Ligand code: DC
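Only one chain is given next, in structure tokens, and it is the form predicted alone.
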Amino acid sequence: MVITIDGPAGAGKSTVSRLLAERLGFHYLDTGAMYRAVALAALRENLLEDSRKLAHRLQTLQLAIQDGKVHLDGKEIENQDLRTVEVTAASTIVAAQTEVRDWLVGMQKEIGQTGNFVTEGRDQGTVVFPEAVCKFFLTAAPGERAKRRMEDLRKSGAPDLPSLEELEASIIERDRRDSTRATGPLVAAHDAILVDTTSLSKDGVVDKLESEARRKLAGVGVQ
């Protein structure tokens, strides 16, 4: 059983997906962390500008997510290392590469068959799990999303923080790239429930999602 939560960066997907999974007794799958891990590997090995070599590297790259921890080639990656400004920008580049998306989508489909999951990303309800019993698409105003991203960077201790204006501009540009790419574009599934989180608290968003999810689950005989 899979519940998908899609939406742009800063809409609150990761936090509310994790909390919703806890409330429902589901596992949580952070697909964004998977793309970030590939981006981190590409940066470390100077493969970001060479899609052919990166595609070849995927044949030997070991990526695993277990209990919310990301492991790359057998080593655990700290969350703050996955959420730097550099990795964030690089993740958009690798996510646009067909070979990377195919590799990760296949991995995500396999994971989804192993239990009940709340999974979040940008194409979960449209490409990875189009048959999901419940789908959400979260949005928020770019300015609010920039504030949230700034808070995340501050908490992670990231050095050389960009200005709020720079963050907002980068978010708008990322939205443009994500929504216009040929492979797995950012778009709401036709049957997704749209939730604007701009003026909602974290708990308010989770309450709304939980209510809708339980209604959908009851409709297919799951209590």
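Start at 1 and count along the sequence shown; that's the residue number. What you see is a predicted model; the values in this text were computed from it and never measured.
Heads up, the form predicted in complex with the ligand isn't pictured, but that's what we're talking about next.
- If you check the ligand in the model of the complex, you find no heavy atom from any of Gly12, Phe136 and Asp196 within 4.5 Å.
- In plain terms, the part of the chain that comes close to the ligand in the model of the complex, with a heavy atom within 4.5 Å, is 91-99 out of 109-117, 70-78, 91-99, 136-144.
- In the model of the complex, Phe26 stays away from the ligand, with no heavy atom inside 4.5 Å.
- Under a 4.5 angstroms non-hydrogen atom cutoff, the ligand in the model of the complex has Arg181 among its neighbouring residues.
- If you take 156-176 and check each residue for a heavy atom within 4.5 Å of the ligand in the model of the complex, you get just Arg174.
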